[in-house]
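Before any questions on binding or motion, here is one chain by itself as structure tokens, the form predicted on its own.
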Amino acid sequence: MSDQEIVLQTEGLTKIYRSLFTPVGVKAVDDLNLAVRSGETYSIVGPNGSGKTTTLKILLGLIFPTSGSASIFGKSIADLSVRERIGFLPEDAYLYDCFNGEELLDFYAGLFGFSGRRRKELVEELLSLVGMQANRRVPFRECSKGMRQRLALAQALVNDPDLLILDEPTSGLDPAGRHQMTRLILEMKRRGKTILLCSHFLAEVEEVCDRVGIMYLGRLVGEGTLTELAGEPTEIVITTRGLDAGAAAQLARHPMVLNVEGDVVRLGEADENQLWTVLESIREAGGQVFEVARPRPTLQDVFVRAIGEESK
């Protein structure tokens, strides 16, 4: 990977919070090394207190690291020119309550130096992108959580950023709102934006992200694509019908069977001959086989396993 392909990079990034009551300090970020490539969507996931938001605040220049370094577009994060190419959506966006959506975006467009006809065109484009044309004159204080998040994303896109940083973009949204936000993130991805995302909704991360970094107690404990993190499928799942309780109990004693839960039979790693013997046992017990699958572990599975191993 060449330096030109890296948009964001941290090396040994560490943040220690100190106070009169904790002389040793609390290490919120611990020797973090990561690299985000141009055009990819990279997600940082982890439990509360793992250092995700602290990391974002350092990258945005809102707080300073204790040690280590971070660069964006090949420049130090202390270089103010870097901010011109970044869009940021915080978890709880605070925007001016007195403005409606149209006025809000017009205000931020002015801050970025847009004027005249281009400024009006930009506001229209952003309202259309986030689906807020019909509610453009609703004051921000009267907007629903979903409307607020869409307007907050629109303001993060005013400067057409090359890097988009999203902190819990679907937090507090209902299923419909999360679906809309996910679609918007995918649209930004389609447009070639580099996206750094923090989220607790692992199914959505799995849908939009190219690579994932798992943080725990300030450290990066796992990183890669889902395929790299999950590995190859290790279980075979057989969906059946017609097995009574006695047949299911007998089948559960088969050496290849991990467990039987209702109509689902789970096997460990098995070759074709071993699988065939289990299928024959199901048919002999009066059951029908509807599906045989080798599901890949989900990001939820990977996350729980990684955190569980680190907490031992």
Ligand code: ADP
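Just count from 1 along the sequence shown to find any residue number. Predicted model only: the values in this text are computed from it and were never measured.
Here the subject shifts to the form predicted together with the ligand, a form of this protein not shown in this document.
Participant: Considering G68, P47, G39, G61, which brings a non-hydrogen atom within 4.5 Å of the ligand in the predicted bound form?
Facilitator: By the 4.5 Å criterion, the partner-contacting residue is P47.
Participant: Heavy atoms within 4.5 Å of the ligand in the predicted bound form: which stretch among 240-248, 259-267, 282-290, 24-32?
Facilitator: Heavy-atom contact with the partner occurs in 24-32.
Participant: Even though the partner isn't displayed, in the predicted bound form is T54 close enough to the ligand, meaning a heavy atom within 4.5 Å?
Facilitator: Although the ligand is absent here, T54 would touch it in the predicted bound form, with heavy atoms inside 4.5 Å.
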